[in-house]
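Next up: just one chain, as structure tokens, the form predicted alone.
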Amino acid sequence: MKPLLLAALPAVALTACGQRAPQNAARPNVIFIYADDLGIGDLSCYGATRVSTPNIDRLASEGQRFANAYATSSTSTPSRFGLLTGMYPWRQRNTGIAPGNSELIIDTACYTLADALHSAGYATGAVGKWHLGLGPAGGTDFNAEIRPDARDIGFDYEFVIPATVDRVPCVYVENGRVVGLDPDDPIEVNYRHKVGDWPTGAENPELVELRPSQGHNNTIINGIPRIGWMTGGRAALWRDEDIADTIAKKAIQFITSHRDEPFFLYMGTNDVHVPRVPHPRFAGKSGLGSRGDVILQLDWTIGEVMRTLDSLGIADNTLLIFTSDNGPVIDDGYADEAFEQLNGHTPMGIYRGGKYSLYEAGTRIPMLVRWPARVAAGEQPALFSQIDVYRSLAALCGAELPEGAAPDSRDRLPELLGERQQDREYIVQQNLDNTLALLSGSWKYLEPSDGPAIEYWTRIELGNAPEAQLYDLKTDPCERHDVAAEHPEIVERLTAKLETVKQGATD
């Protein structure tokens, strides 16, 4: 499938992806770290008192802490798509939550953020959670070299988890090959029906070590029932408690091997997504159950990256962006006592909703930016959308973009670096059902929708309603008072603006 607005990129632009520009030592290295399902209330630098995140707090104290930053979407796949393409994910039909055997959903003709930085002379790597599909239309063959993959959309190197850790296949893929695969034990994956004879949560509940609270009752891997069925690849299966260590190790290897040239690392952590299986170093240490423990593990991961930069002497000239793909969820399919062990911790902060939702806790996310050579410490209050990371980084790194690239992204480099505090004119938000909201100034408009009001598994409010909703976030940040009936003129104005954006006009 060709992404809308990008299918007709000039051929010269596409061939430029493989060319290296002269190295410019003054340009910073760029590390973009996506945490998974991390809430704005989950970090002590954002006011959490029941959990301590000292490494992330250090990152915040040495750079800009964003108070009003947003992911494009309240779920994983579309947020990642929007970041790397600079295009709102709802413009393309296949950007919902991807199964583990999905085809690559970013068309190889799309000029991605990785393409842009690669063409500007950066070594580019993708490490950790991917969740954008791998392989051709029709599904992924995990027993041969997998193409297209991250290397076909601008990355020189990939070491990725294909989808989410609660989905099969439970293996790593490195440069198109399943790591550690025994060719005599081929992998088969299916999301429609059972394959092979491996036990499942539905058929063999006595073998389950982490019980599902809803769904998650297919093939059991490491005592954990997953979404989807798989068989084969025993030698390649990951150990859940080692995932954070593995991702950190591969990220550090990439950083170290490219220490003498500008590099771009796109790093996706598994934490704090389910199933939450902390390494024994962190298990039981938070006092908040396994969800709290993996927050500590995430903090350790960020600390490992920062210590690596320090040890190599390249921290001063490295732009490090840390954020989340969407808002938090507490019970997302496993009976891990996340609710019972909150102990006063509030992952959503003061906000309504959460992951999957159109309300603020769905897409309002923590975001920290550190670059010691240029970025001053402080708070960035401006409205900022992750959709603008693409053009902002392209401008910073001297990348020339072809016509049609990153159609919804804007160059907001002064805001990204904390050098200006100008609000974006509007923020577009998207929920699980592709219902949209538009935030402009203090006004937030939610378009009418006939979708369900509540997400089935998590019981989180999705923000869907048959009538338009309007909230004044200045006086009602918790979105408790719908004032659409009181301000029809504002509803009309924001309705028209959202329709303009949907038609492809971004100004």
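The first residue of the sequence shown is number 1, and the count goes up from there. The structure displayed is predicted, hence computed values, not measured ones.
If you look for the form predicted in complex with a small molecule, you will not find it shown, but the lines that follow are about it.
Participant: Where does the small molecule sit in the model of the complex: which of 406-414, 127-135, 393-401, 250-258, heavy atoms within 4.5 Å?
Facilitator: Looking at the partner contacts, the answer comes out as 127-135.
Participant: I need to confirm a contact call. Of Glu479, Asp36, Glu447, Glu461, which residue comes within 4.5 Å of the small molecule in the model of the complex, counting heavy atoms only?
Facilitator: Checking each option against the small molecule in the model of the complex, the one that comes within 4.5 Å is Asp36.
Participant: Which of these residues, Val173, Met87, Val274, Ile105, gets a heavy atom within 4.5 Å of the small molecule in the model of the complex?
Facilitator: It is Val274.
Participant: When the small molecule is placed as it is in the model of the complex, are Gln64, Arg364 and Arg424 each within 4.5 Å of it, taking any non-hydrogen atom of the residue?
Facilitator: Spot residues vs the small molecule: no contact at all.
Participant: Can Ile97 be called a contact residue for the small molecule in the model of the complex at 4.5 Å between heavy atoms?
Facilitator: Yes - in the model of the complex, heavy atoms of Ile97 and the small molecule come within 4.5 Å of each other.
Participant: Check whether His118 has any heavy atom within 4.5 Å of a heavy atom of the small molecule in the model of the complex, and answer yes or no.
Facilitator: Contact check for His118: no, nothing within 4.5 Å of the small molecule in the model of the complex.
Participant: Is Phe322 close to the small molecule in the model of the complex, meaning a heavy atom pair under 4.5 Å apart or at it?
Facilitator: No, Phe322 stays farther than 4.5 Å from the small molecule in the model of the complex.
Participant: Spell out, yes or no, whether the shortest heavy atom distance between Ile227 and the small molecule in the model of the complex is within 4.5 Å.
Facilitator: Yes - in the model of the complex, heavy atoms of Ile227 and the small molecule come within 4.5 Å of each other.
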